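Form predicted alone, single chain, as structure tokens, below.
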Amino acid sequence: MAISSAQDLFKKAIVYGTFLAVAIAAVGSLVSVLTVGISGVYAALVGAAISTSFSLMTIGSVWFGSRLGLNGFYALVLGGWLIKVVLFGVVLAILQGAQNFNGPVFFFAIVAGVLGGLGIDSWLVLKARIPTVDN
């Protein structure tokens, strides 16, 4: 697994992040259907989808922002962060009164997605051999 360019790094982060989402959805659904019932399955699937989509939004904003100047990069990344905060608030407001939805399972799916995404990103950056200085 030789990562020699930023493009390779971003592509692998997207692929591994997608695999993580499928794993969280599968394991979360299996464990929650055995413990809390079908309401946990819905929560696990929604939690995996939200954490993965937000992670992919971050990867995409950094990827596209790397092609811009420094001000454009910061505007894109911080604007994406602001959009994610607002969207997360909207999702929480919608789900607050939802029937057949297990809050703790949702929480653990989100936490697993965030920590798993951070682990994948850190591992990929540590394995990458990308020069930091241009000639």
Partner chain sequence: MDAVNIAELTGNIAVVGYGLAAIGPGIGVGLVVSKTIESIARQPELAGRLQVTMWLGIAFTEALALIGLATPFIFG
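Numbering follows the first chain given and starts at 1. Note that this is a predicted model, so its numbers are computed, not measured.
Another form exists, predicted in complex with its partner chain; not displayed. Remarks below refer to it.
Problem - its partner chain contact at residue 58 in the predicted bound form, heavy atom, 4.5 Å - result: Residue 58: contacts its partner chain in the predicted bound form.
Exercise for the section: Would you please decide whether residue 42 lies within 4.5 angstroms of its partner chain in the predicted bound form, comparing each non-hydrogen atom pair? Expected result: Because no heavy atom of residue 42 falls inside 4.5 Å of its partner chain in the predicted bound form, the answer is no.
Exercise for the section: Indicate whether its partner chain has at least one heavy atom within 4.5 Å of a heavy atom of residue 62 in the predicted bound form. Expected result: Within the cut-off, so yes.
Problem - Non-hydrogen atom contact residue 125 with its partner chain in the predicted bound form at 4.5 angstroms - result: Output for residue 125 is yes: heavy atoms within 4.5 Å of its partner chain.
Handout entry: Option touching its partner chain, based on a heavy atom within 4.5 Å in the predicted bound form, out of 92, 83, 30, 36
Key = Looking at the other structure, the residue within range turns out to be 92.
Practice task
Can you tell me which bits of 96 to 128 touch its partner chain in the predicted bound form, meaning any heavy atom within 4.5 Å?
Solution key: In sequence order, 96, 101, 103, 104, 106, 107, 108, 110, 111, 114, 118, 121, 122, 125 come within 4.5 Å of the partner.
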